[in-house]
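Single chain ahead, written as structure tokens, the form predicted alone.
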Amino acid sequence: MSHKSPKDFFAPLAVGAPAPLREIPARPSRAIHFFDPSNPKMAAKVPDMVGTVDVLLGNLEDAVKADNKLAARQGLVDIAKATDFGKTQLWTRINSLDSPWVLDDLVTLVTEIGDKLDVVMVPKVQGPEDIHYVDRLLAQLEAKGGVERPILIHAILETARGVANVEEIALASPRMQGISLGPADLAADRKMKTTRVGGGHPGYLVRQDPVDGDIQGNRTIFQQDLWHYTIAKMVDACAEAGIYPYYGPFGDITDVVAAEDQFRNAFLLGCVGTWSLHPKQIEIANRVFSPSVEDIKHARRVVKAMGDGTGAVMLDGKMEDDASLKQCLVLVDLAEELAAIDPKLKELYDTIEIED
């Protein structure tokens, strides 16, 4: 294992590149909305989506056919140059690191629209060496293109080796912004027996104990979440590194109810956002990944009752102490961050009155 001074992590990896960030900004990213820049109909809708979604992501990888790769890359450059994104972030998902397109993706995007690009999403990350490769390239290209702020890196967790190395991936660079779960590729890599993109599976279940010893009798079954372990492991790795975890794609676009359940599970476990594959998923993600009025009301009551933050108080028959105060502050801080960019949420949260 090689050693590196902690100080070196905050020196640019190329002469003339911007200094790495000491802390990843907590910019709202409830929905990362994917669009195909090679699709003129989809590209034309992008300017109207600015302000309605936290992140717009120009996808260059899977879902873009091989003979459309160059058109997608150029399409993203054209859209970025022509659009004022305001508070909406612009991300891209580059081609995989073993593809013939990825080097030109990075060279073109960083030198032509590096000042507009917030985050580069790297697919199929296997270990920290993948992040180191992109990290150094970005620094060289930022220096070449005169980019004044560092472009951040987001890894997709979609291989068994990536999951095994998730802590090292999260800590691989000061550019690391976050990690998303990629359930479809991960299922294939692990040889999981599901063909769904995210969500539960009717065969993955827990069955109620027999009633009166009757094994064949009527017993309730509870469908389980195949992704619980991986999301929890990813959340821990991201929390340790001070970066952000995300649920990834939910493939059944028509099943808005199950999508909302999956998003909420991820939110409750600590994820800050999810991917959106269709505009109808944006609305669900924005709602689910914003704390509810009831949650904020309760959290503010606890904060008010706790005074200096030490000791314990009883509220509605429940004990609240300094640990529950910390939990409540997570929600209160998130509400303030979201309200700063979302006027409707600000209005909603501002109407909350706290009873004594």
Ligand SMILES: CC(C)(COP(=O)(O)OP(=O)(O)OC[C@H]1O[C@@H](n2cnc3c(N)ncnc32)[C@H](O)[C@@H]1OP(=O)(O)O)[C@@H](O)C(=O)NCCC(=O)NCCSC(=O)C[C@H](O)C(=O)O
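Numbers for residues come from their place in the sequence shown, where the first is 1. Computed from a predicted model, the values in this text were never measured in an experiment.
If you look for the form predicted together with the named molecule, you will not find it shown, but the lines that follow are about it.
Heavy atoms within 4.5 Å of the named molecule in the model of the complex belong, among the stretches 74-82, 180-188, 105-113, 259-267, to residues of 180-188. Shown alone here, Y246 lies farther than 4.5 Å from the named molecule in the model of the complex, counting heavy atoms only. Contact check for D295: every heavy atom lies farther than 4.5 Å from the named molecule in the model of the complex.
In the model of the complex, at least one heavy atom of E158 sits within 4.5 Å of a heavy atom of the named molecule. Proximity of R136 to the named molecule in the model of the complex: non-hydrogen atoms within 4.5 Å are absent; the residue sits far from the partner. For the options K41, K65, K326, K318, the one in contact with the named molecule in the model of the complex, meaning a heavy atom within 4.5 Å, is K41. Shown without its partner, this chain lists I231, L90, L277, V120 as candidates; in the model of the complex, only L277 has a non-hydrogen atom within 4.5 angstroms of the named molecule. Contacts with the named molecule in the model of the complex, taken as any heavy atom within 4.5 Å, map to no residue of 118-147.
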